[in-house]
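Okay, here we've got a single chain as structure tokens, the form predicted on its own, with questions on binding and movement later.
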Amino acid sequence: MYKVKVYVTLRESVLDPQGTAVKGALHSLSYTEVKDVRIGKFMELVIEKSDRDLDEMVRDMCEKLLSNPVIEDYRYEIEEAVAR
């Protein structure tokens, strides 16, 4: 079994109105040190071992469903999951 952590973020060239709103709220709470906020998504997948190439499978999932490749970037980390 593998645990795959997927991080999806807006591309730097894409405006992030949600991040701007959160930054404004933080400033209103006196956290004026915060200079920028970018909002993203985090997903954890547990995947069984198989004959398929894991990297290829995760990239395919990210490009077809988990991210919007037009406006988002993604990265992922693969860990061997410990059976319980």
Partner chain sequence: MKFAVIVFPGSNCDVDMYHAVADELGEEVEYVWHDEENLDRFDAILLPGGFSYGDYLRSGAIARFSKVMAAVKQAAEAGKPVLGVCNGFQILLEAGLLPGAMRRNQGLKFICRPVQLVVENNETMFTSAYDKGEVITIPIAHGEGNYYCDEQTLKRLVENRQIVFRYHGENPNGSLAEIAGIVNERGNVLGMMPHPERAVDALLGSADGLKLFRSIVNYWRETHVVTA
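What you see is a predicted model; the values in this text were computed from it and never measured. Positions refer to the first chain, counted from 1.
The form predicted in complex with its partner chain exists for this protein as well; it is not shown, and the discussion that follows is about that form.
- Interface residue remark: E72 is counted as part of the site for its partner chain in the predicted complex, having a heavy atom within 4.5 Å.
- Interface residue remark: K41 is counted as part of the site for its partner chain in the predicted complex, having a heavy atom within 4.5 Å.
- When contacts are judged by a 4.5 Å heavy atom cut-off, A25 does not count as touching its partner chain in the predicted complex.
- When its partner chain is considered in the predicted complex, S67 lines it closely, a heavy atom lying within 4.5 Å.
- Shown without its partner, the chain has L15, P17, Q18, A21 in segment 15 to 32 as residues with a non-hydrogen atom within 4.5 angstroms of its partner chain in the predicted complex.
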